[in-house]
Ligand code: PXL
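Below you will find one chain, with nothing else, as structure tokens; this is the form predicted on its own, and questions on how it binds or moves follow later.
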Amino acid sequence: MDLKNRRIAAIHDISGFGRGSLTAAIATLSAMGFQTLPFPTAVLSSHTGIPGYTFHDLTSDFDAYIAHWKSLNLKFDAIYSGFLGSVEQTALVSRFIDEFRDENTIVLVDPVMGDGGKRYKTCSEELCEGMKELVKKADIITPNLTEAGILVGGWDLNRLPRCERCVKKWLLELAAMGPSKILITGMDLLWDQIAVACYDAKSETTDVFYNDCVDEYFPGTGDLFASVFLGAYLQSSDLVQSAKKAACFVKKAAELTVKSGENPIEGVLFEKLLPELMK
């Protein structure tokens, strides 16, 4: 057993009801052996897919949070950024990366902005522009197809690409923004399958793999995918295999949710599968 304490800063919102964001990140990454330090960007009563949610922005707490962690001389194996509540937060997260990154720190930015060809209600055009700046500092980004389209710009989000050739063009454009490793998730290029595209700028290699679709929409699966992927990548440094592990875990959780009869709006039932991540 590796007894070294490996630490991840997870910059994300916390939603009281509904599986996703810090709920997913802390549970999965802790199961995989990483001390996961939450840096909350906002507190919500539920995820944004549930009507009537409350939203409390924590931007005003960022400076004190960063200052305290600096005084503790905290070091991180990875910095993982997810849901941000405002364009001001993108600049503050950028400063966080500057303050805490060293030569061994992996920076993963999951640019949470939208899905299904639409932006989330909490995501303004200004926030999208700020996210484009933030991804320049990332080593790895994990956008879904909609978010990839927002980042590359100039694309009609109602006409997302439906072929690998178009997706590969986006991968190259995203790599040109700065990150050396790109994953585009949630691609329905085939009617009965869901795809993930992986690009490594250093080796200039592209891999696209497919899984059978689970015919249901589950909020929070992007958060779960990014969290499991990051843990697997820190363990192995293998981009494609880590992505496959994350996709497989999300698929199993989705299948279990359908089988259990749980309401999909709550997200996927991943808790019972956490022992698989401990192996």
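Keep in mind it's a predicted model, so treat the numbers as computed, not measured. For every residue, the number given is its place in the sequence shown, counted from 1.
Heads up, the form predicted together with this ligand isn't pictured, but that's what we're talking about next.
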Per-stretch contact check against this ligand in the model of the complex, the hit in 60-68, 233-241, 31-39, 217-225 (non-hydrogen atom, 4.5 angstroms): 217-225
Heavy atom of residue 80 within 4.5 Å of this ligand in the model of the complex: no
Residue 209, heavy atom within 4.5 angstroms of this ligand in the model of the complex: no
In the model of the complex, residue 21 touching this ligand (heavy atom, 4.5 Å): yes
Interface membership of residue 44, this ligand in the model of the complex, 4.5 Å heavy atom rule: yes
Listed residue (182, 112, 108, 93) with a non-hydrogen atom within 4.5 angstroms of this ligand in the model of the complex: 112
Interface residues of 12-29 toward this ligand, as seen in the model of the complex [heavy atoms, 4.5 Å]: 13, 15, 21
